[in-house]
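The chain below stands alone and is given as structure tokens, in the form predicted on its own.
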């Protein structure tokens, strides 16, 4: 089955460019478009996309609000890929904290756009781990560190789960973590699921942000 994607951006040229790149792939299908975050929830409910590629800055409802609305109101919500002009953007970090699964620069090359959509749809590794680390270094310190540390302490991760979380933060896929720790891929998947459940994280992006904000992994 192809990856179904919804494009959300207030610039028609950006939507047209993304559509042209993505529809050239046999495994990706653009199922709809919207010009503002306010239209996302009803479209997600009717079109049931696997991924929403969404501009982080829009006039009526920005990507942070729209991400929160989708995750709060839609059953089995899609993966959310934030699209942005600037890499080091506090809005992007806010969207990731709100539950977005990754972000993509508007100036990205076609191959990078396709790779980002596939990686986010699969959910087996962190998209652009170095960029996430830089965002955490720039903006994560603005969050209440004590609260983040207490949440990680309450999670009571096992030693092996802590090892897996550190490798997740480095951007390793489940298969790469399995090779590094000399265990099976299914074992790693079980550890990742346990980490997400204990941290109350939607996916590995939120788990890694929690690791940075708590000081468990240093973004420096």
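Positions refer to the first chain, counted from 1. All of these numbers come straight from a predicted model, not from anything done at the bench. C-alpha atoms forming the largest set that superposes within 1.5 Å between two forms make up the rigid core.
The same protein also exists as the form predicted in complex with the DNA; that form is not shown, yet it is the one meant from here on.
> Mind telling me which stretch in 47-55, 66-74, 171-179, 26-34 gets its heavy atoms within 4.5 Å of the DNA in the model of the complex?
Stretch 171-179 is the one.
> Given that the partner is absent here, does residue 19 sit within 4.5 Å of the DNA in the model of the complex, heavy atoms only?
It does not: once the DNA is placed as it appears in the model of the complex, residue 19 has no heavy atom within 4.5 Å of it.
> Residue 61 near the DNA in the model of the complex, any heavy atom under 4.5 Å?
Because no heavy atom of residue 61 falls inside 4.5 Å of the DNA in the model of the complex, the answer is no.
> If you check in the model of the complex, is residue 202 within 4.5 Å of the DNA, heavy atoms only?
Heavy-atom contact with the DNA at 4.5 Å: present for residue 202.
> Test of understanding: in the model of the complex, would residue 42 fall inside 4.5 Å of the DNA by heavy atoms?
Heavy-atom contact with the DNA at 4.5 Å: absent for residue 42.
> What are the residues of 184-199, in order along the chain, with a heavy atom within 4.5 Å of the DNA in the model of the complex?
In sequence order, 184, 186, 187, 189, 190, 191, 192, 193, 196 come within 4.5 Å of the partner.
> Once you line up the core, how about residue 206: does its CA shift reach 2 Å between this form and the one not shown?
After core superposition, the C-alpha of residue 206 moves 2 Å or more between this form and the one not shown.
> Has the Cα of residue 178 moved 2 Å or more between this form and the one not shown, judged after a core fit?
Yes, the C-alpha position differs by at least 2 Å between this form and the one not shown.
> After a rigid core superposition, would you say the CA of residue 194 moves by 2 angstroms or more between this form and the one not shown, or not?
Yes, residue 194 moves 2 Å or more.
> Since the CA distance of residue 28 and residue 206 differs by 3 Å or more in the model of the complex, is it closer or farther than in the form displayed?
Relative to the shown form, the pair is closer.
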